[in-house]
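Quick heads-up: it's one chain on its own, the form predicted alone, in structure tokens.
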Amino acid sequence: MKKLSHISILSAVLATSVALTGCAGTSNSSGGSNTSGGGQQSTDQSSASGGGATDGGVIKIATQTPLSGNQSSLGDAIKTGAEYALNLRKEEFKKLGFDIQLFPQDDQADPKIGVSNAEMLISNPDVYGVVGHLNSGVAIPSSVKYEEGNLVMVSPANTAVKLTEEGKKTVHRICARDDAQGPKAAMYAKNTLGVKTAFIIHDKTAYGQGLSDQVKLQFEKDGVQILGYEGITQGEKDYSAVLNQVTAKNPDIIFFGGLYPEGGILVKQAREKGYKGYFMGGDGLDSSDMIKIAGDAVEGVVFTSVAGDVTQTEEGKKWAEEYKKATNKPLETYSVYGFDSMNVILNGVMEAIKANGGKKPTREQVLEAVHKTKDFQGQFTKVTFDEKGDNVNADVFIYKYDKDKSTFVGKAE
């Protein structure tokens, strides 16, 4: 904004107009949250100070994740990964005459806010794609709006089977589904950990219960006895009621379908009550904040993830160091999936521009290009979408927590 302070009164008026537009976007997109609007306003203003839109016009790619609240660790990792990818390709688009911008939105892990944000996004003609969401329970209702606006969505993290089974042409994901993650988690527990009895707890969300249902089905198929199947409420701090049932039945394993804020509390309280068995969950436990919440009880916790460890190769290690240096943020597993999801969209936008003779394409053209993605090599995963929008190359991975970090075990077979 320094350049604006030295030019004409007219420029100042225009700057004020831009600022007011940013505030209006904040009100519409976040339902009262300042996190999303602040990020969006900052992005737009920095673009303006860099010389404004180029001849081809502005193209915005949104992110929709929780940027505030107790799930913001993973939400910010996705947003930051996506932003890093976009920043690396700004010059590429600028040479073609386009100002490519990030348009981050805070869905607060709330379906109502996600839908409200989605309505705002489809009403903005400069928005050409969405990287998101973190939560399947937010993605599913929001995708209804994306479909109405022909706005392509590429998810780095949503695993609910329902998301791509509803026939929406705009919906895509680069990660595996619950019907891959759940069975592989159950098979690992039985075949590698040797469990014979299990108590399943879920957080009543589309993600948590959907994953738990898949684990339960596979356990039953493999002869693992289910000693309990209970739901908890997100946000509570005392899970004694369900954990008293667990300790009374003493299963070989507790499987939790849910996210790290509740997962960390559950394992901590279970250990305090004397539970000695395994504790396992899905990719919702994949956050450095899990260690902060669970403390020493995190040691030995096993989880599956639909995101792999990019640092397993020398090229990946180099990318991880460059990422941390550029963003000044820790590398979370979903950082690289946010990065890859953004690049899938940007590749689609670039293909659409070329197909449109170098002119700004339509959303439909971008959607078509993204949907046709085949053998696109991201930083971590290769992407080919099937007719439903699922990635045929998606895998499931196993991790285990030590006292101060999670350790990659390997691909779940």
Partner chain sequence: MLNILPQVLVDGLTLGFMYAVVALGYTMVYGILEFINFAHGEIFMVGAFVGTEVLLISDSLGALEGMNPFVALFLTLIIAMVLTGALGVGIERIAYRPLRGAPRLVPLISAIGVSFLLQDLVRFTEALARNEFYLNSPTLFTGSISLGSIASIPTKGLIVIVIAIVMMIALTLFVNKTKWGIAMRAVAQDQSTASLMTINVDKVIMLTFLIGSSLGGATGVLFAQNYGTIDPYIGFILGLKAFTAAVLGGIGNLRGAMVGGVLLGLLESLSGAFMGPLTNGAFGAEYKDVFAFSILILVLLFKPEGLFGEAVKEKV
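If you superpose the two forms and keep the largest set of C-alpha atoms that fall within 1.5 Å, you have the rigid core. Numbering follows the first chain given and starts at 1. Note that the coordinates shown come from a computational prediction; the quantities given were computed from them, not determined experimentally.
The same protein also exists as the form predicted together with the partner chain; that form is not shown, yet it is the one meant from here on.
Heavy atoms of every residue among 237, 242 and 261 are located within 4.5 Å of the partner chain in the predicted complex. For the options 168, 162, 90, 268, the one in contact with the partner chain in the predicted complex, meaning a heavy atom within 4.5 Å, is 268.
Distance criterion of 4.5 Å from any heavy atom to the partner chain in the predicted complex singles out 273 from the list 329, 273, 318, 95.
In the predicted complex, at least one heavy atom of residue 248 sits within 4.5 Å of the partner chain. The partner chain in the predicted complex is not approached by residue 196, whose heavy atoms all lie more than 4.5 angstroms from it. With a 4.5 Å cutoff on heavy atoms, residue 292 counts as touching the partner chain in the predicted complex. With a 4.5 Å cutoff on heavy atoms, residue 231 counts as touching the partner chain in the predicted complex. Looking at 331 to 339, 115 to 123, 301 to 309, 284 to 292, the stretch with residues near the partner chain in the predicted complex, meaning non-hydrogen atoms within 4.5 angstroms, turns out to be 284 to 292.
Residues 202, 204 are the ones in 201 to 217 with at least one heavy atom within 4.5 Å of the partner chain in the predicted complex, listed in sequence order.
Core-superposed comparison between this form and the one not shown: the C-alpha position of residue 212 differs by no less than 2 Å. After superposing the rigid core, the C-alpha of residue 271 moves by 2 Å or more between this form and the one not shown.
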